[in-house]
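Here we start with a single chain on its own, the form predicted alone, put down as structure tokens.
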């Protein structure tokens, strides 16, 4: 076949370094940019096969998200804008690690296993972030698509969620929206304007938000969108890429982990601020108080705000829809307690990793999911959207219920249901705060986080740790869970769990308790138990104080 000759020829221009082995994980491939050229070419090939198999457009995003600037990465996007299905993750790993002279054999194996009709058309959307390496790496993806005779649409610089959105728009024949960046801005900003009309007499101060763009693509895109939001929002964009380095001492990951303001942002006490990560699929909020103390509102606080708002709207609309919040073991115990006991919302705990949360959220009429790091969104089932639509069109309901139905419709339109999206989440949060007339301090006061601590312990083999109950309990090694249980009993409002890292030989330890000192001590004692029972290497963990 002519295509295979072309693949062979092109592959020589994107050679694989002998012996290099990489794994396709939740975030796709991610490593130093200089090791990725062959991977990108091969992911172009794989996306073309996936497109032929699904008879749909597939997306390929070149980004390393919150990683340092010298790294890069790639992830594939399935037809409805969701992450690549896990059986094809295995093909991605296989294809990436095949030595140069075996590439065609591996390719033909995948075609045979999946019974792919190679005469079918293939369509691939490609996007990239602002890293200096992204231009040549996205070109390698395009080369791969072309080598197998696929058609490509190069969107150039886009946020990761924007590319997920375009793929979904394309494959729903425009039902989800228009597959252009401008179409994305229009859909979200129109929904935001409609929601903002329900906020009474907002002052310019209340409309103001400081945004830390992590010196990445999010800063560029939020600036492009600003003109659409003029009347209802006033943005000050910091770390916009004009000076600083991508993700360096700024961005959502830095703010969440360090619990401090990003560099390059100038704010007054009480000012509302948010940070995106490098590819704008995560967001966290924060402010400083009059004493200069820093207050973080992470994914847990965001999920609580959104689910509370939606629950209230459903009650006012008289709609009987099942709403749930999906969390991981890392969610703060106070948020879980508040949601279950005060809001009477279903809370489901799942394994760490966005894919698991997304999947669990699909089980409900409305599923709100956020990881504590600020990656998350809201999913509405087809049935839920239909019921809301019917209510909005019902001529026999009173004005109050009709108004609520329109609020729900615009809430659906402002949300990017394909994946966590910092810009979409920001607009939703801003709309909710405006409608409820809430300050960032009042939002923060909904509940108080329990003090917590995360540590990691180096071990010789992370696979000795096996977990159950959504990673909240350790099954192996023998005696570890019993040791953790005994330690937890010593403290008030305490819990702790351990889980193996997905990428390195370390065990992650999480502990929370009624005081920071107790949380720190518990985390240290559990670290010692892991070190002793799970094959710790290097020096024994030292106390934090």
Ligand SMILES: CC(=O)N[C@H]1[C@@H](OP(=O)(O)O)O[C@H](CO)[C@@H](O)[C@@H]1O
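Numbering follows the first chain given and starts at 1. Bear in mind the structure is a predicted one, so any value in this text is a computation, not a measurement.
Just so it is clear, the following notes concern the form predicted in complex with this ligand, a form of the same protein that is not shown.
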- Query: If we take heavy atoms and a 4.5 Å cut-off, which stretch out of 45-53, 516-524, 498-506, 480-488 is in contact with this ligand in the model of the complex?
  - Reply: 498-506
- Query: Does every residue of 208, 222 and 443 put a non-hydrogen atom within 4.5 angstroms of this ligand in the model of the complex?
  - Reply: no
- this ligand contact in the model of the complex: residue 38, any heavy atom under 4.5 Å: no
- Would residue 244 sit within 4.5 Å of this ligand in the model of the complex, counting heavy atoms only? no
- Heavy atoms within 4.5 Å of this ligand in the model of the complex: does residue 430 have any? no
- Is the gap between residue 354 and this ligand in the model of the complex 4.5 Å or less for some heavy atom pair? yes
- Ok, 180, 139, 439, 454: which has a heavy atom sitting within 4.5 Å of this ligand in the model of the complex? 454
- Query: Given that this ligand is left out here, which of 184, 330, 125, 91 has a heavy atom within 4.5 Å of it in the model of the complex?
  - Reply: 330
- Are there residues in 46-84 with a heavy atom within 4.5 Å of this ligand in the model of the complex, and which are they, in order? 66
